[in-house]
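Just the one chain here, the form predicted alone, laid out as structure tokens.
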Amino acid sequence: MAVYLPIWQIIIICFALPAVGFFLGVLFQSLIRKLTARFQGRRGPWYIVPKSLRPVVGSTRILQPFWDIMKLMYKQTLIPSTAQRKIFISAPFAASTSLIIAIWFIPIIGISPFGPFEFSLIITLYLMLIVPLTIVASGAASSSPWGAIGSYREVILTLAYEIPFILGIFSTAMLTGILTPVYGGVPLIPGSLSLTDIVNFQASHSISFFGFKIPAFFILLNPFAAAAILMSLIGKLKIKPMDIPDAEVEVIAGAYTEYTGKLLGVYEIAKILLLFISLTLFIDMYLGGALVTVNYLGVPSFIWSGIVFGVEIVILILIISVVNAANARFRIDQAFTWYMKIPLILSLIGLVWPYIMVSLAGAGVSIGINIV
């Protein structure tokens, strides 16, 4: 049965988590810019600005994405006279609002007001899907040919990455109910769609692998699904080579072409929140939610959880930055074909992988795994 926090704590956390998510998302985006620039032989944003320039640009550029948004908020918002005004204005707010609500359902080092809800995973996936839908609506409503092309590309790319993304997510959600009865351990729920349950399972169990005890991370139990999800997130976050819908040299800015001022700033907020949610969701699903339940060396467990979360985030950002720096942009047909050939196949393997492990165990074939 789900256990919820007191109502006053839920209210406080509901206000605090989006602010924390936005701040961390700004840091993540800045780090991606920095690492991508370094991998390409450029400087990237300054961590520490030289003293001679500090009176002009400040002491650091780590918060540059935040200042970019603030600049947009002070600029004039222009709406094309031929645009469908209501859709054009409401789309960016719908995207940002859906992501703010999604943060309430995703455990962040174990903290989530609605993560224990039985279908928190389903709700999170639906809320994340609203973002590409609003982008499609924005381009179509802008009356711009570049916006229309951007919307078309967004539709194709979303269809390509959402299929392996959903399959990988649900194959992971089934793991606890499939593996535990066969490989031992405490009887568990028959699979769960609660993100808190998925995180708690990984945090409270370990894997005995040929005598070595390691955390029961789902990235180890189902690496195929984890790889498919990570590849899908590249498309969801528009990381090269999947930044096709808003390719500057081809379609100006795609669906965002006619957006200016505050409306464009709201979309930039949505991008930052989506980055934070995507990386945190991957950590919750495959890296134990960075949850540490034991105090080490007298240091509280939540501090260790924060340290582990930071380390896992840096590793994911490093992978994303390498991919972003090393690849040229795909054509939309190349992206769709690639997702159908590699991530989709990996997600399908991930879907049947737990059953293969069960079948091997039922046939008396030992693969050295025991969940404890």
Partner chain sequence: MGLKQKARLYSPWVFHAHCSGCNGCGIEIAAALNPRYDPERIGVTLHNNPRHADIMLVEGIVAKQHVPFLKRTYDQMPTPKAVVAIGSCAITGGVFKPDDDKGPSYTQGGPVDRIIPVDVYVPGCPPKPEAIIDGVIKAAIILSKRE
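Residue numbers count along the first chain shown, from 1. As the structure is a computational prediction, the values presented were derived from the model and not from experiment.
Another form, the form predicted in complex with the partner chain, is not on view; read the next lines as being about it.
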Which single stretch, out of 250-258, 166-174, 104-112, 276-284, brings residue heavy atoms within 4.5 Å of the partner chain in the predicted bound form? 250-258
In the predicted bound form, does residue 318 have a heavy atom within 4.5 Å of the partner chain? no
Residue 78: touches the partner chain in the predicted bound form, heavy atom cutoff 4.5 angstroms: yes
Partner proximity in the predicted bound form: residue 51 to the partner chain, non-hydrogen atom cutoff 4.5 Å: no
Would residue 336 count as a contact of the partner chain in the predicted bound form, using a 4.5 angstroms cut-off between non-hydrogen atoms? no
Checked 123, 264, 220, 230 for heavy atoms within 4.5 Å of the partner chain in the predicted bound form; positive is 264
So which bits of 64-86 sit within 4.5 Å of the partner chain in the predicted bound form, heavy atoms only? 64, 67, 68, 70, 71, 72, 74, 75, 76, 78
